[in-house]
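This document starts with one chain, in the form predicted on its own, laid out as structure tokens.
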């Protein structure tokens, strides 16, 4: 199953809409609540990053029998130094974003902590793509 969500740049009131919607789907599919939490945290953090840093993007969420794959794609400034961006507390968020309570520099770290696999591709001046994979336990 595949679900696609558009993520609007700068619209913090809608940040989290994709993760909320996808959470409902995962519940309907009887995915383990602990696994749902990991998936939703990862997706939410990715959404907020797109809202705060990019010119918009999308989340493509796929559910397979063995895993959930989230592909986040944005058009934006890109990440000049992925290793630096992965450090807890490192942030390029604007003062406006920080005033709203976002931009603590934990987004990518939280995604990494909740994903079984995290792949990041970024090109400065073009945008960033994240692939987040969370394995689903085998039934039985």
Partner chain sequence: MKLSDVVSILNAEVICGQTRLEREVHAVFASDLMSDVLTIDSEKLLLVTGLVNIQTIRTSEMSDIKNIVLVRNKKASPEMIELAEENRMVIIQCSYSMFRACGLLFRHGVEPVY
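Positions refer to the first chain, counted from 1. Please read these numbers as outputs of a predicted model, since none were measured by experiment.
Beyond the structure shown, there is the form predicted in complex with its partner chain, which is absent from this document and is the topic of what follows.
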Exactly one of 93, 73, 40, 31 comes within 4.5 Å of its partner chain in the predicted bound form through a heavy atom, and that residue is 40
Give me the residue from 88, 60, 100, 82 that has a heavy atom within 4.5 Å of its partner chain in the predicted bound form. 100
Within 4.5 Å, heavy atoms only: does residue 13 come near its partner chain in the predicted bound form? yes
Does residue 122 reach its partner chain in the predicted bound form if we count a contact as any heavy atom within 4.5 Å? no
Is there a heavy atom of residue 129 no more than 4.5 Å from a heavy atom of its partner chain in the predicted bound form? no
Would residue 17 count as a contact of its partner chain in the predicted bound form, using a 4.5 angstroms cut-off between non-hydrogen atoms? yes
